[in-house]
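One chain comes next, on its own, written as structure tokens: the form predicted on its own.
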Amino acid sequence: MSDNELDLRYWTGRRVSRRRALAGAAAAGAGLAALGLVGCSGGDDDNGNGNGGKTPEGDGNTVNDGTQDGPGKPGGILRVRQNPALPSMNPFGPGIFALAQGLFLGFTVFDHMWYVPTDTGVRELFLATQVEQPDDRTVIATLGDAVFHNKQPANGRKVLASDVAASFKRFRQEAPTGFSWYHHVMDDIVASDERTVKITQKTAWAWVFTSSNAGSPIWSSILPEEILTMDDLLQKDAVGSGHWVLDGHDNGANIKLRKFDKFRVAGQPLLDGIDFRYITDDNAGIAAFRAGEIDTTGFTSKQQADDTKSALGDKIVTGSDLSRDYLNLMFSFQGPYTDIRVRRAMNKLIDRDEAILLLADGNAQKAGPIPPAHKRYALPEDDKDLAEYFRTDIDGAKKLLEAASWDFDHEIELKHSVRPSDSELAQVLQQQFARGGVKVKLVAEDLVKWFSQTLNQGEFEATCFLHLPYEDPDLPLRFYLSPEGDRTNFMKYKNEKVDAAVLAAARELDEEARVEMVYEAQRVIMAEAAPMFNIMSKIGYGGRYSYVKGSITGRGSMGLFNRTTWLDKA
């Protein structure tokens, strides 16, 4: 992220700390999880709140579409925990500082043309009622009938194709972090008439509809065109055409959402609204759930989930699911790390089995270049190349380092944020590398400094952290693309073989063929020892009171658009 992206104008509307903004980005899943009734947590990394990549029922193989409990009873207010407060209601940059509110509002207040759930990978239409692709670079969408919320300046007017085009272009004004579909693939987006949107691309792009592209829960949000430059209004309010209306908040805390009675799907949502209760302490959050003051919760561990279930019995439903987020280790592509023998040695020193035991009590899965929750695209567990990539080999690592003339007196500076998930991973890696005679010095940094300077400017020798739970396999692959123009790469890694394999998969429109090409891209990444080594994805645990019905589970972030939730307290 450049200094310009940290533009202080963002903070002039209301004085909030950048630490608060970054915390919001890291923990935005709190309210989102409750909306989807996900109610699971990856642990300390999201402050004990829910995460959109985890579901409260089943083992991740159980898919609920919201109709499993019957047609539902309209009415009622769902009560959920909120932590932290949102820094503003502005979904526009700079960089990650709009992530928290962008995600929250994108799943609630704003509508989209479509969304691609992770369980099927098949586009589901929202505001768009018809989509055509006359060629591999063009998408034409026909919009259905919808109106904006009855707030100024839109005042309940009809949603137009021009609103969609203007919203996309406004989001594109924000500088990209890494490879971006909006900047590097989309050529133009125009309104052909009131109901028709035409997208043209610079190249064929198979992922065009997914959540890292034109189906982003943030950057495909549709706002009234006239609000896009009203910075003062955007700081404090949100106007969209989504199923929830922003009814009020206390400087970003204690948010209240209310049903939009003119939403494009008649009768939905079933609930009258959602009340968020601002609770910063994890123990206080669990206590509020046990006392029946909130209806859903995330747990920091399986033990906490089991203890709560023992205490409340049949009053609650608990469950787990494999998260889409993942822990990783990165090296900067300079100095000794341009030698593939050094990179291979570093990967061989990682003991993923031990890390899973130490960091997740055994409740996690090893992660290759594509995290395991992306079931169609992640390499199978029995893949021989993946097994070799995961194999710990201390003696083999030492031989590779000796052959590469590694300086065993050198101390690797491993930077990490002060988030518990990142700090704990760094400590485990330090111990594992010591077994191979590799010295590691840990450097803990404030989260804002680590993200804006260390990671985004690539100012590190090595760094480790928890990636966000991406909805599609496209973004995890794009992190390996070489820097080019304004397309950045955290590691400054350049490899033509990797580029060719990743881009070939992205441009393959036939899904069956694309799956095989994604497999091949992962094998190239592993063979080249690309210097981002993924380690594991945790299993998250969460729960809800049994009177909360109509949850959508096993569908990734699709559950965050839940409009079928209802309360059965009769």
Partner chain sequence: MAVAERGPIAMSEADRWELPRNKPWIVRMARPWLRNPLGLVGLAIVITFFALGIIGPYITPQDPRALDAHSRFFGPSMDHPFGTTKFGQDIFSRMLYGARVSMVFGLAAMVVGFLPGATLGIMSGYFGRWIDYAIQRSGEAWTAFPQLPILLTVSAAVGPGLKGPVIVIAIGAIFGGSRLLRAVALIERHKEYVLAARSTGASEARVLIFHVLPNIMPFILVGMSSVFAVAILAEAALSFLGLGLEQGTPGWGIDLAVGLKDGTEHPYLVIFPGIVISVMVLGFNLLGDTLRDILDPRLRGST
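Numbering follows the first chain given and starts at 1. Bear in mind that the values here come from a model prediction, so they are computed numbers and not experimental data.
If you look for the form predicted together with its partner chain, you will not find it shown, but the lines that follow are about it.
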Q: Pick the stretch from 187-195, 278-286, 105-113, 200-208 whose residues have a heavy atom within 4.5 Å of its partner chain in the predicted complex.
A: 278-286
Q | Residue (of 332, 423, 392, 138) lying close to its partner chain in the predicted complex, criterion heavy atoms within 4.5 Å | A | 423
Q. 412, 147, 77, 358: which sits within 4.5 Å of its partner chain in the predicted complex by any heavy atom?
A. 358
Q) Can you check whether residue 167 is within 4.5 Å of its partner chain in the predicted complex, heavy atom basis? A) no
Q. With the cut-off set at 4.5 Å between non-hydrogen atoms, does residue 418 touch its partner chain in the predicted complex?
A. yes
Q. Hey, in the predicted complex, is residue 444 touching its partner chain, heavy atoms inside 4.5 Å?
A. yes
Q: Flag residue 304 as yes or no: does it have a non-hydrogen atom within 4.5 angstroms of any non-hydrogen atom of its partner chain in the predicted complex?
A: yes
**Q.** Site test, 300, 354 and 428 vs its partner chain in the predicted complex, non-hydrogen atom cutoff 4.5 Å
**A.** yes
